[in-house]
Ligand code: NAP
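Starting off, we have a lone chain in the form predicted on its own, written out as C-alpha cells.
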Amino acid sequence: MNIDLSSKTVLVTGGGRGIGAAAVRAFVEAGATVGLHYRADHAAASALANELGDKVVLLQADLAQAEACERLWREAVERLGHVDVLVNNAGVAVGSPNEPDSQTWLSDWERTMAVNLTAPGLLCRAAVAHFKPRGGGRIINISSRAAFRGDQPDYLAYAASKGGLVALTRSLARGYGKDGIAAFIVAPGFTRTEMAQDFIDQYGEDYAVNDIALSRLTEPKDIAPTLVFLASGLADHATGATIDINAGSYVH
C-alpha cells in the first residue's frame, strides 16, 4: 500500500535522531512537509534536513520549559502554515537510583515528567485547539512498553511518565473524536537508539536481546512505517488504541 501524505504537514518532536529521525524520513518519503523539532543537537537535525530537502523545517525548543513548548507550537503553525499531525516523540530516560539524596531524585523525576508528560500535554492541548476549527487532525504519542509492564528500579520516573502519556492519549481520543481528532499510542520496546545506549552500557546488549522474541533488537526504521500509517487516516477507527512494537517482549 502506497500512502500519500503530500497534502499533510507533520510536527515531530525529537526529530533529529533515533525514532524521531526515522519518522521524519518516512513522512518526507510519503510526501509530507515536516516540522523537525530538536533540543540541542543542531548539527544532526540540520544534516537530516539538508539531506531531505525543503520538505523539512527546523524548529528548536527545550521541552523541559513550558513556555518553550507553547512557542514551539506557535512557530510550527507559523512556518508550516498549519499542522495536520502531531507526533510527540521527544523523551528522556534518566537513570536515578534510590540511593541519591532526595533532592537529586526529585530533580530527575521532575525533568523526566516535564519532557515526557507535561510537554506532550501542552502540545496536545494546543493541537486540539488548532485541529477543532479545521475539522480534525491526528495525534500520535510515543509511549513505551514500560507504561504497561514497568521498568527497572532506576527508571521509575520514565515508566510513570509513559503511563501518564497513555492515559492522556486515551482521554484525548474519547473526548475529541466527534471533532475529527484521532489519537494513538505507539509503545516501542527496547529500540537501538542513542538514548538506549546508556542502558546497553549498563546491562549489556545480551540482556536486551534475550528479552525479545525476535533475533535482533528493534531499530527506529521498524517503527516509522506504523507512524505513517496512523497519520494517513486509514486507522482512525483505532483511535485510542495502543500499537505495541516491542519484538514480542510484551503483549497486552
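Start at 1 and count along the sequence shown; that's the residue number. Bear in mind that the values here come from a model prediction, so they are computed numbers and not experimental data.
The discussion below concerns the form predicted in complex with the ligand, not included here.
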Close approach of Leu214 to the ligand in the predicted bound form, 4.5 Å, heavy atom: no
4.5 angstroms heavy atom contact with the ligand in the predicted bound form for Leu52: no
Non-hydrogen atom contact Val209 with the ligand in the predicted bound form at 4.5 angstroms: no
Contact flag, Ala76 vs the ligand in the predicted bound form, heavy atom cut 4.5 Å: no
The unique member of Val28, Leu48, Ala224, Ala64 whose heavy atoms fall within 4.5 Å of the ligand in the predicted bound form: Ala64
Stretch from 125-133, 171-179, 101-109, 86-94 whose residues place a heavy atom within 4.5 Å of the ligand in the predicted bound form: 86-94
Contacts with the ligand in the predicted bound form, stretch 106-127 (heavy atom within 4.5 Å): Val115
